[in-house]
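Just the one chain here, laid out as structure tokens, in the form predicted alone.
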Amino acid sequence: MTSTTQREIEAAGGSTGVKAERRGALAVWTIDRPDRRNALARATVRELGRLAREATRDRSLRAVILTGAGGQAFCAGADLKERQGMDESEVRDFLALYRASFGAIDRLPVPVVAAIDGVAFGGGLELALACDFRVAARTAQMGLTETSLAIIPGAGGTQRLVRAIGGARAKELIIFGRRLSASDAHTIGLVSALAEEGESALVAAERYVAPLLEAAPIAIAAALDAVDSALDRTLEDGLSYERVCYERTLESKDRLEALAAFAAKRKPVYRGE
């Protein structure tokens, strides 16, 4: 084994705990540990990072959906059974792994959608926050509940939740360990879209991303980059960086295809060139 140790595989139940499949230009990554409510073992987190880094080099990829198996949980957070066997040094190493893997998902140049069925607590919601969008089943519940375990979110939750819903609301949810219904999460902007009544989050997420599968990938990647950069820049710096991102689209064949398709009154065919 190179990226995942045999010990981690065994702790995750004999596999990395992630199933990856391709549906045309869409990748679907499923945390496949329903017996553990799709909890995050080290092997699982490491595999998610590997998939994200591999996807960065895939020019035919247009979007990713990240979901959980079984319908009862997107991800219940860290695998506490595995965590009980860790000393402080191992916990610190695991937090570094979280940061690397979730960061790789966050930096993907294609849109990533978390499809949330059931619960997304603790590290599970932190994983969803590393995605660009979140689509939830009507029965889903989510929250950063770490303070109830005498810790705080350690996989980016304190930072990404603030960026998603603002400081005051993020403080309230984290400090009180509040659990939100899907409807409440949608109301405050934490969830981008809700599934229809009785519909799975995965089906709703596939419908949500469908327009992106034929969109201009260079423009989408540039837009993601420009928007994400706005969080860490002054307005003046952000406007300058927006121009840098725009230049990528200006030089693309896809831009010329868009103009030609408009003139011919036909649908454009974007190739990511």
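The numbering used is simple: start at 1 and walk along the sequence shown. The shown structure was predicted, so the numbers you read here are calculated from the model rather than taken from an experiment.
FYI, the form predicted in complex with a small molecule isn't displayed, but the following is about it.
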query: Interface stretch in the predicted complex with the small molecule - options 166-174, 88-96, 181-189, 121-129, non-hydrogen atom within 4.5 Å; finding: 121-129
query: 4.5 Å heavy atom contact, Arg37 to the small molecule in the predicted complex; finding: yes
query: Contact flag, Ala100 vs the small molecule in the predicted complex, heavy atom cut 4.5 Å; finding: no
query: Heavy atom of Thr145 within 4.5 Å of the small molecule in the predicted complex; finding: yes
query: Gly77 within 4.5 Å of the small molecule in the predicted complex, heavy atoms; finding: yes
